[in-house]
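Heads up, the chain below is alone and in the form predicted on its own; it's given as structure tokens.
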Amino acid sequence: MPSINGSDVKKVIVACDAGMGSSVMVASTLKGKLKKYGVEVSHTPVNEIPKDAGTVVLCHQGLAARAQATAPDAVVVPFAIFMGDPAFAKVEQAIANGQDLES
């Protein structure tokens, strides 16, 4: 199970099935919140997740297994709802406080 310290996170990718829709809004919101920590936020289809070091992938819980298979070294954080899911705050808190984050 991959893990990363929040202070080592360089990139957060919001992955979705088709590459558009609600997950684009999630990426946009996170981009604003994580900019002050120097973390790049992008959006990509789950099958195209890059395998960069220091990457955290946020995706809907139904896509978590595919995301982990696509980027086995990434920390995959699943969420259940697109707006206000506690997973988003968990990632932001780990980055802000240098806490460990696990798949």
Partner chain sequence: MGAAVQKFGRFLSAMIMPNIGAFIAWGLITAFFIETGWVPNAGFAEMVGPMITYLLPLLIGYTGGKLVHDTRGGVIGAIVTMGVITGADVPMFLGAMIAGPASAWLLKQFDKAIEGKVKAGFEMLIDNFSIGILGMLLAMLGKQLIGPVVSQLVEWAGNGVDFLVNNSLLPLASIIVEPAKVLFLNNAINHGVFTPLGSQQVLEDGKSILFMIESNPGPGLGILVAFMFFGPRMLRASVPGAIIIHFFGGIHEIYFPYILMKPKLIAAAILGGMSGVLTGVILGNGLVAPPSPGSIFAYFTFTPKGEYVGMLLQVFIAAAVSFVVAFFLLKFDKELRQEAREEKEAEQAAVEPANA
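Positions refer to the first chain, counted from 1. Being a predicted model, the structure only gives us computed values, none of them experimental.
As for the form predicted in complex with the partner chain, it is not shown, yet the points below apply to it.
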Legend entry - Partner-contacting position among 71, 63, 39, 30 - heavy atom within 4.5 Å of the partner chain in the predicted bound form: 63
Inset, instruction - Indicate whether residue 88 is a 4.5 Å heavy atom neighbour of the partner chain in the predicted bound form. - result: no
Legend entry - Partner contact for residue 93 in the predicted bound form: the partner chain, 4.5 angstroms, heavy atom: no
Legend entry - in the predicted bound form, residue 78 touching the partner chain (heavy atom, 4.5 Å): no
Legend entry - Heavy atom of residue 54 within 4.5 Å of the partner chain in the predicted bound form: no
Inset, instruction - Counting only non-hydrogen atoms and a 4.5 Å cut-off, give the residues of 25-44 close to the partner chain in the predicted bound form. - result: 25
